[in-house]
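In the structure tokens that follow, the same protein chain appears in two forms, which are kept apart as structure 1 and structure 2.
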Structure 1
């Protein structure tokens, strides 16, 4: 008896955007129901009123009415534009992370999610996060396209091989929520899910400490940097064969072919795996490719390490000097 209660018809609403998204959904639904019911009722009423009766002559032949056509073109147009405006506004807010989010790195592969926290803990198919703090995920795939979807947060982002995509969210409730892969990715697609575990910040801190307490992401990156011999060319000494990586993150890099590019995560990733694509001005294309030698997780660690060498944007007014110090 007590087990027979019906399951809920709405997903849990557990992020800073889920409430407004539900509201927008309700707004579109209200208008849709109005039109759907209106059309159904109109259909029924017309069908009854004008049903053919014995002895009816031919009905009047009406050609149309331009005024009416205008009305039922313009009104729907205005309504859908209101969907567009609200939907776009919310969408941009859903895509733009607040400053200083907690960054977490995600690698998707058939058929699991591998997650690395800055502080070191790694997990599979589970993501532990603190409540009330914006989280930014930087994601890539080792094989096919996947999609990271958390219905309770109303967020979703495809995860692509060969590049980084990002998403952010901020949980408003503690608890455990579904994580799904929503881009069909092969045999065990339906099993490529898990849970998001939202915790109180202090519990999260405890969890971080207890999660194996391995080396942090940047430390792991630094270790790799040494192991792979990156430092031989990218040492900061004068006359090094490669450019200094201190402060390169988020800077404008001038390219050999002319033009420049912002050194974001994707650029750094590409510089390591496809060094020939963009050559830094003033240097020779001697850097070997590391494709096939480092896993996507390793690349993420290297990127995290290079980022830790200074970011002129984040350093702000203190400028490049401070960024340089950070690299010591």
Structure 2
């Protein structure tokens, strides 16, 4: 950049929501500047025009105007409500990922980002993604609070120890974009950054398959499931000491003592690390905790494997349908 160029006021706009978010920001800023300047000018003009001059008596009393009161109440209300309605609509769209996004898992750690793709590749402080495809990140921290921020995509989400948080975005431009941690996390916080590399879909597939991707996240979870002996209790046979995990993901699980909970990623993580918190109805609290025995990456692998276990009834129906088609 030479001396005649000024730095841009905003980072590049490179996601499906960044343009509308910038427009909302510009709208709120313009309205704020309009009223700030208008009020300041009105105060200055009125102070000069209606200042008390020598010989002036007490000014006449003004008893108000209902029409004027309504105008300066209703107009600001409509303006503020436009902020609220537009901002709320955009917020919910930013917080609700599309159906079947590309899912990637992220673990924050002082002072790096560890990233795991479903297909197997792992990255540190870099994230390769395809352009034009929704990306959903499931994130957690190994130590303190971090914050995953990509200014060019206008997205930011706190990454918390002990729980999962999610965010999604869809890149609209190829290129390399900055990744920052925007929550102070220790002495090397300023160096906890990285890059988002957005690629054409065919280039992404080449990258995904190159360099020896290794076992997928689901395969790694299956291997860890076997190493920990989880199948000893969590089998599909009658009389098993623990509940079956087949088809449990995103189902409603009845709890001992009443109530139920949705078996999402957070519930599965809690069941691995704090198994006595929510006991499944009909089972005893005999599962040991694995806190301190497996890493956050290991927990993500187990969760990915449990998610992959389909509903046996659905699998049976699919198999029957396939057999019927083969017999025709």
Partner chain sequence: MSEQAAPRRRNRGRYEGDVPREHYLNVAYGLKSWLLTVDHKRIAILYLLSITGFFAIGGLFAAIIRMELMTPTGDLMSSEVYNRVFTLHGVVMVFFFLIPSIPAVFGNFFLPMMIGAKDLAFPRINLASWYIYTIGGIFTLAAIIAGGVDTGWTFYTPYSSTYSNSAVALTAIGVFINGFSSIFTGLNFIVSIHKMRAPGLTWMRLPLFVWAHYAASIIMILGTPVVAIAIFLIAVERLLGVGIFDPALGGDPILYQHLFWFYSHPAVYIMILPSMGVMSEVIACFSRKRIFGYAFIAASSLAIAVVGFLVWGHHMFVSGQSAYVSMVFSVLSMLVAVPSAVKVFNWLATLWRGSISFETPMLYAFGFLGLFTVGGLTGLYLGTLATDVHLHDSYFIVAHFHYIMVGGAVMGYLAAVHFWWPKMTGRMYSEFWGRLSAGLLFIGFNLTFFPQFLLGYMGMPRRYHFYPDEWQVLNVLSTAGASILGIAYLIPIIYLVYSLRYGPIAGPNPWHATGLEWTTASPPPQHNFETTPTVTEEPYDYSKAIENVAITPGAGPESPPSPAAPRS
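Being a predicted model, the structure only gives us computed values, none of them experimental. Whichever C-alpha set is largest while still superposing within 1.5 Å between the two forms counts as the rigid core. Residue numbers count along the first chain shown, from 1.
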property	result
Chain form predicted in complex with the partner chain: structure number out of two	1
Two-part rigid motion between the two structures: residue 203 with residue 58	no
Whole-degree rotation of one rigid part against the other between the two structures	16
Distance moved by the residue 41 C-alpha between the two structures (core-aligned, Å)	3.1
Cα displacement of residue 53 between the two structures, core-superposed (Å)	8.2
